[in-house]
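A single chain, nothing else alongside it, follows as structure tokens in the form predicted on its own.
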Amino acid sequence: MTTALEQRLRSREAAVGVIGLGYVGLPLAVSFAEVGFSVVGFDVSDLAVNGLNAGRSHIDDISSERVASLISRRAFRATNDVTDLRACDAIFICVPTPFDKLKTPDLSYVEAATRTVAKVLRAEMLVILQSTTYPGTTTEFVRPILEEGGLVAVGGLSARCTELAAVLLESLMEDASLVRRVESPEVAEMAKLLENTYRAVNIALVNELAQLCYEMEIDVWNVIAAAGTKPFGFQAFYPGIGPGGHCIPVDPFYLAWKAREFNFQTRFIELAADINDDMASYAVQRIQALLNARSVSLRGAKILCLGAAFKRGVSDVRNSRAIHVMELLRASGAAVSYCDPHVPSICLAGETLTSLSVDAVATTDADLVAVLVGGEWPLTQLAARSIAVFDAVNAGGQPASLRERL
């Protein structure tokens, strides 16, 4: 039997709410608005809300032009007034799920967002937890808060709720069959953790192999390229200073934390996470060795770091391993500067550093340049001036002979 909600979802007459207009929430909100839904984006940041309503995007993946077009057509608007969510037929929770210093999940953002939904919750409202988190969060944490008012069920807790969520998500897909239905929220939550933990584990494998190859004087990048010629059974992963961002470095610890509730230790996963964590320290050791070979002490050395974001081409510095390497270098007494055209400034040990221009890199007087994030860096010019270069990411477009690679 088709309900009124399902009809509105299929006809795209439904109003969609998105709580959290960050790197996940804003692209989701814009995508729904662009396919015909009326979208309300909620965020506690006045700066983000005012900027979006003025047609300015604060997310790399979403241009200001796209936002401005939707605002002008009244297909999307941002708000920090919870009452604006009352008319929404479906609400997505897209807030951060970090962990604390003890690697314990911090669900404070999810709780705050859920209590926001609870204030406007009504019958025939679809609620979807989009944030990545441990299996059981929807049923054990989100559901009880929403049901305090007497209403029952959350998306995925019944076949009907699952079908409604699928109908909504299919509207974003050119191929509706790509939306996969699973039997419970726990399966969906675990699937996301598996996806990211799979990458974390394989990155750890190649990071450890890179260290061994260095000791054996074998080029790990050539090893990976050769292994990649096998037409099946191999997927290339690459070494570096450890994965950053909000998912890959976080999800293994979420899974390990939940496993302890069942008196189970995820030894393999935790070991992989530890290896990835240690890569920043390993990079500093290699930098120190390269300086030593030039009779330069790390303490007092001028080091220019290329890249500050967690990956190439973005301004996102969440869990940035590049910044962590800079912190370690500074703690060792080095004078650190950096260049990242996408990240105008960073805070390092309580001090604000401003990015150098890319043009300034070629003429630097640094004792060593550390390539921490991929990009179009002037490595040839640096080599011509005999500047020591440590390349942690195998920056493309330049001969490997121009720098020492991880």
Ligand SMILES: NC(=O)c1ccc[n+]([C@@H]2O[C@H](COP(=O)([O-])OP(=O)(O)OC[C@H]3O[C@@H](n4cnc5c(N)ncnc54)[C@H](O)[C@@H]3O)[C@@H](O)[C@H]2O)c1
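As the structure is a prediction and not an experimental result, all values here were calculated from the model. Numbering starts at 1 and runs along the sequence shown.
There is another form of this protein, the form predicted together with the named molecule, and it is not shown here; the text below is about that form.
Heavy atom within 4.5 Å of the named molecule in the model of the complex - residue from 330, 103, 77, 192: Going through each option in turn, the one that passes is 192.
Heavy atom within 4.5 Å of the named molecule in the model of the complex - residue from 286, 246, 143, 258: That would be 246.
Per-stretch contact check against the named molecule in the model of the complex, the hit in 363 to 371, 43 to 51, 63 to 71, 349 to 357 (non-hydrogen atom, 4.5 angstroms): In short, 43 to 51.
Contact of residue 19 with the named molecule in the model of the complex (heavy atom, 4.5 Å): Heavy-atom contact with the named molecule at 4.5 Å: present for residue 19.
4.5 Å heavy atom contact, residue 113 to the named molecule in the model of the complex: Yes - in the model of the complex, heavy atoms of residue 113 and the named molecule come within 4.5 Å of each other.
4.5 Å heavy atom contact, residue 214 to the named molecule in the model of the complex: Close contact is absent here: in the model of the complex, residue 214 is far from the named molecule, nothing within 4.5 Å, heavy atoms only.
Heavy atom of residue 308 within 4.5 Å of the named molecule in the model of the complex: Residue 308: no contact with the named molecule in the model of the complex.
Contact check for 197, 202 and 237 against the named molecule in the model of the complex, heavy atom at 4.5 Å: No, none of 197, 202 and 237 comes within 4.5 Å of the named molecule in the model of the complex.
Residues within stretch 93 to 126 having a non-hydrogen atom within 4.5 Å of the named molecule in the model of the complex: Residues within 4.5 Å: 94, 95, 96, 97, 109, 112, 113.
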